[in-house]
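As a starting point, one isolated chain is supplied in structure tokens, in the form predicted on its own.
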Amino acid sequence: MKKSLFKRALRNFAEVIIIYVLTTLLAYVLDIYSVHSENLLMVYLLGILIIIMQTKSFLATVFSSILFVITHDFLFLNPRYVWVSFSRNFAITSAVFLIAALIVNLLVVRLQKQIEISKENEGLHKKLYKASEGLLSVHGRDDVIEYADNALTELAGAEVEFYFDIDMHDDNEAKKWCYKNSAKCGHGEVEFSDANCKYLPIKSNHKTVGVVSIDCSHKEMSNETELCISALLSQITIAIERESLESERRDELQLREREQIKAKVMKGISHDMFPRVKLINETATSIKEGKNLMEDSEIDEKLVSIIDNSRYLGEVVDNLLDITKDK
């Protein structure tokens, strides 16, 4: 860490010296063409602005401001090449220049931070739009959850995990609290603020159906990131509901088709069974009424017919039981 700070300070110092030399050369060239010393001071102020943008360092701004004022006083104010460090004009000029430089430093640094935040937010919203668009083409509850896991991980820049079957005997008290109270908790929140993860409820039809955890141990989550995550989580919930409804609709359609097939099969079997039952009945009746008048071979033939048709009916009944059995 100290090594990194030293390298950064050394780099800032080198940049200040380079900009100082170039600014002084520019001021010297303008002085040859009789540009007033007040305008030359503006050149040094421009140099300060460049230093601020390059280094973003308060110390570099103060150091370069003092250096630039001394150089301007020594090279371009009459009498030239004479140190007048204790003059009243030098003190006033130095104070005004330093104040102006610090104000510019503050404004530039704040502006750059705002630009960085804007770029980061723009990137977040692009990821949110891409994830939302992708959800429309994902089908199947498991595929939606897998896609949501990847999308939230990319959006949050941290590990994400979904929990749908919450065990109230689980050791994770934060997860159970989030599910039970349908409110976020964990890292940075009032409840379980010391946790490494932030827990957000997954709501469906005004009911909590699960919890999603976001690892915050390596990176703090900004307010804009949390808003984007909440927005994406709402869309994920809608996608899960959509797939659940679609699954129920498919199950209902399959059940209806199955019932229709059963009805058709039973109707066909009934038409096939009735003639055979009637034949068995007629054959048995004829044997009973005319057995004394029939030869043994004729009786055996009719008995074989009864046996064959009975066996066939037994097989049909077994198949019917298999078809009507609920799986």
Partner chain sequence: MVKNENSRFSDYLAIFGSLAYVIMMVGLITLIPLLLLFFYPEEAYQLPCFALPGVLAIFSGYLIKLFTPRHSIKNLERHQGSVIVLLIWFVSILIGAIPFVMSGNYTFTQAIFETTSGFTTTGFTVTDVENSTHMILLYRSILHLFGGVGLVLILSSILSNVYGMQLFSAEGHTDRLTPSLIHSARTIMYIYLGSIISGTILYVTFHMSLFDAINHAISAVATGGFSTKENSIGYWCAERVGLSNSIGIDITTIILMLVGSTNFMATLALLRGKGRDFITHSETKVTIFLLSLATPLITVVLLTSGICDSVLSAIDNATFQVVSVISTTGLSSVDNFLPKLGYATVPVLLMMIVGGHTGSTAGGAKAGRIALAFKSLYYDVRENIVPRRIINSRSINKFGKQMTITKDDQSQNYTYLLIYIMIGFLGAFGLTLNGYGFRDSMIEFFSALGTVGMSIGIIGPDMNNCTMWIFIVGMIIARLEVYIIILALARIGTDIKDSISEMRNKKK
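Take the two forms, superpose them, and find the largest set of C-alpha atoms that agree within 1.5 Å; that set is the rigid core. Positions refer to the first chain, counted from 1. Source: prediction; values computed, not measured.
Keep in mind that the form predicted in complex with the partner chain is not shown, yet the notes after this line are about it.
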Q: Pick the stretch from 58-66, 296-304, 276-284, 31-39 whose residues have a heavy atom within 4.5 Å of the partner chain in the model of the complex.
A: 31-39
**Q.** Any non-hydrogen atom of I50 within 4.5 angstroms of the partner chain in the model of the complex
**A.** yes
Q. In the model of the complex, does L26 have a heavy atom within 4.5 Å of the partner chain?
A. yes
Q.
Given that the partner chain is not shown alongside this chain, does L22 nevertheless sit within 4.5 Å of it in the model of the complex, heavy atom to heavy atom?
A. yes
Q.
Quick check: F76 between the shown form and the other one - does its CA shift reach 2 Å or more after fitting the rigid core?
A. yes
